[in-house]
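To begin, one chain is listed below as structure tokens, in the form predicted alone.
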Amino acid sequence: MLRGTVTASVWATKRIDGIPGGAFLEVELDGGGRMVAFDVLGTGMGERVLVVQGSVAASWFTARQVPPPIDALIIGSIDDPQ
């Protein structure tokens, strides 16, 4: 799992059939780097998140005969202690 902060929304002019409801978000990773991850939780800008990649992310779409081409998935929100 990777930790990061949501920094931006990613927009496309066309939607691929088979991708479920959700949003693509740009995540700045702790330790450096950025990635685009699919979000089904309704995460907002500036929120800290947990991201999984590869087969773990793809396994979320098991109900679909052909999984959509998604390699990174936001699976949780991190609450910072105050």
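Everything numeric here is computed off the predicted structure, so don't read it as measured data. Quick note: we count residues from 1 along the sequence shown, nothing fancier.
Only in words, not in the display: the form predicted together with another copy of the chain, which the text now covers.
In the predicted complex, at least one heavy atom of P69 sits within 4.5 Å of another copy of the chain. The shortest heavy atom separation between S77 and another copy of the chain in the predicted complex is within 4.5 Å. Using a 4.5 Å cutoff between non-hydrogen atoms, M45 does not count as a contact of another copy of the chain in the predicted complex. Along 1-20, a non-hydrogen atom within 4.5 Å of another copy of the chain in the predicted complex is carried by M1, R3, V10, W11, A12, T13, K14, R15, I16, D17, I19, in order along the sequence.
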